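Consider the single chain below, provided in C-alpha cells and representing the form predicted alone.
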C-alpha cells in the first residue's frame, strides 16, 4: 500500500517506473506465499523485469517529469470513488477466502486434481490447465500478445517510410566490469530460459516465462554492447516473422489434430496413446508461446531504441 500511494503522489516518472517494478516484485512474493509459484515467476519476469525495461524505453521517448494536468482532479476522483465503491460492494457477494464450500472447490478444482494425472500425465497441474484444458484461452492470450506487438509497431511508425538510421546507438561497452559480467550472465540466462521452457511440464515455467527470459538476455546484450550488434544476432525482420510464427505453431497444432480425426487442440491423437499425445501437444504449443513472446518483447524494445535515434536525426 505504501508503494501504491507513493506512485500516485510522485511526479518523477523514472522513480514511478522503478516503484512499479518494486510493487510487482512484492506482488510476486504474495503469489509465492499462496503457493502459486507459476504466477509468481510470471509476475517477477514480466512485471518486475521486462516491463520495467520497456517503460524506461518509453521514458526515453518522452520526458522524465509528469506534466501538470490542465484539468481539475474532481471528475477523476469521482470516477475512481464510484468504481472503487462498486468493486467493494461486489466483494460482499464473493465466497470467503479459502472457504472449502467455494463453488470452484466443488467442481472444477477437484476435477483437475483427480483426473489430470491420468488424462494429461503432466506433474505440473498448472501446465495441464493452461496448455490442455484451457488451450483455447491460452491461444487467445498468445494472439493478444501478437496484436499488442503489432499495435506498438504501428504507433511507432514501424510500417511507414522512415529515415535511414545512421546514428550509432548508445552502449556501455566501454565499462569493462559491465562487459565482463554481461558475457558471463547472458549464456546463463539463456540456459535458464531453456530450462524454464522445457521443464514447464514438471515445475513452474512454460512459454510465457521462458519467452520473457530469452528476450531479457538479448536486451541485456543490446544495452551493454549496442543495438546494432544485437540486431546482427537477430535482425528486426526475423523478429517480426517470429511474432507470427509462434502463433502459427500454436494454431497449427490444433489444425493437425483436426486432420488426424480429433478436436481442435485435442492432443490425444498426436501419438499412439493419449498421454504421450498430450505431452507432444503441450511441448509444441508452449514452444509457439515462447517464440511469440520473445519476438514481441524484442520487437518493442528495438522499436523504442530505433525511434529514439530517429527523433534525434529529425531534430538535427
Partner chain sequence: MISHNLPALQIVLPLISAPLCLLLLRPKLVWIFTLVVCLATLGISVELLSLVINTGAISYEMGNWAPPWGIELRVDEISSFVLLIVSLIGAVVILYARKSVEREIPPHKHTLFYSAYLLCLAGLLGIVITGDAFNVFVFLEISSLSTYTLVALGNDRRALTAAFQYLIMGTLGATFILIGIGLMYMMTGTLNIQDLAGRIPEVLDTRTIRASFAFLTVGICLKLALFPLHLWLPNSYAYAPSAVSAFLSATATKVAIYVLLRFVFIIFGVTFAFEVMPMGTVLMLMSIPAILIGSTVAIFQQNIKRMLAYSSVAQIGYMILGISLASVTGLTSGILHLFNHALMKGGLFLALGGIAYHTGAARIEHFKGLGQTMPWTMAAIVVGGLSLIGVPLTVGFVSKWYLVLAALEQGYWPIAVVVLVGSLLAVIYMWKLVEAAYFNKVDKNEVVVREAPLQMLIPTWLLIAASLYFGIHTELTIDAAQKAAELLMEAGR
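Positions refer to the first chain, counted from 1. The structure presented is a predicted model; accordingly, all values stated were derived computationally and were not measured. In this text, rigid core is short for the largest set of C-alphas that superpose within 1.5 Å between two forms.
There is another form of this protein, the form predicted in complex with its partner chain, and it is not shown here; the text below is about that form.
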Partner contact for residue 187 in the predicted complex: its partner chain, 4.5 angstroms, heavy atom | no
Report yes if any heavy atom of residue 288 sits within 4.5 Å of a heavy atom of its partner chain in the predicted complex; otherwise report no.
-> no
State yes or no: in the predicted complex, is some non-hydrogen atom of residue 280 no more than 4.5 angstroms from a non-hydrogen atom of its partner chain?
-> no
Report yes if any heavy atom of residue 248 sits within 4.5 Å of a heavy atom of its partner chain in the predicted complex; otherwise report no.
-> yes
Checking 233, 191, 86, 176 against its partner chain in the predicted complex, the residue with a non-hydrogen atom inside 4.5 angstroms turns out to be 86
Kindly indicate whether 215, 221 and 275 are, all three, within 4.5 angstroms of its partner chain in the predicted complex, using heavy atoms.
-> no
Even though the chain is shown alone, can you say which residues of 255-283 have a heavy atom within 4.5 Å of its partner chain in the predicted complex?
-> 255, 258, 259, 262, 263, 264, 265, 266, 278
Indicate whether residue 113 shows a C-alpha shift of 2 Å or more between the shown form and the other one, with the rigid core used for the fit.
-> no
